[in-house]
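First, one chain by itself in structure tokens, the form predicted on its own.
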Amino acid sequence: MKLQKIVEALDLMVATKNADLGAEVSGGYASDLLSNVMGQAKTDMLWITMQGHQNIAAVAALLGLSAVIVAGGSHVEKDALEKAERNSVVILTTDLPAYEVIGRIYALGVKNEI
């Protein structure tokens, strides 16, 4: 599924400038523990978190994630946005709780291959 469809369906805010919403999304991962994301998330996945510091951009770039969704109305730091933009990482935000974001994305048909 294209990232654009998810952005529209969940009414997500695009926080990064010049974000490419044409990326394909292959699944999703939810965690606030960076080392856990690095060990479990896969290329082209969405990452749902409540973290807003610059390390989310570094991890997303390292793994080649489709986007990071910062849920629960959490603040994304300016440094995180700048780092994301330098590394072509899409950061999306929402006031929805992470649990609801994950459920809605799953209901759209984005499911991880087992």
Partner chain sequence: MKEWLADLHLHSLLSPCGEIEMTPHHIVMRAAEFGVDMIALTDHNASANVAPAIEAAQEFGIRVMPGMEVQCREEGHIIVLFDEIKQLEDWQRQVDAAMQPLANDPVRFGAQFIVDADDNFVAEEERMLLAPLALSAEAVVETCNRLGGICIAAHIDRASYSLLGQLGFLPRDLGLAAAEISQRGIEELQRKALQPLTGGLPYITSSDAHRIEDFRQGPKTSFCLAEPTVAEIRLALRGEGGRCVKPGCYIGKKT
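Positions refer to the first chain, counted from 1. On a predicted model such as this, the values are computed, not experimentally measured, just so you know.
Here the subject shifts to the form predicted together with the partner chain, a form of this protein not shown in this document.
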Does any heavy atom of Ser88 come within 4.5 Å of a heavy atom of the partner chain in the model of the complex?
-> no
Is Lys42 close to the partner chain in the model of the complex, meaning a heavy atom pair under 4.5 Å apart or at it?
-> no
Answer yes if any heavy atom of Glu82 is within 4.5 Å of a heavy atom of the partner chain in the model of the complex; otherwise answer no.
-> no
So, in the model of the complex, is Gln54 in contact with the partner chain at a 4.5 angstroms heavy atom limit?
-> yes
Does any residue in 11 to 49 get within 4.5 Å of the partner chain in the model of the complex, counting heavy atoms only, and if so which ones?
-> Asp32, Leu33, Leu34, Ser35, Met38
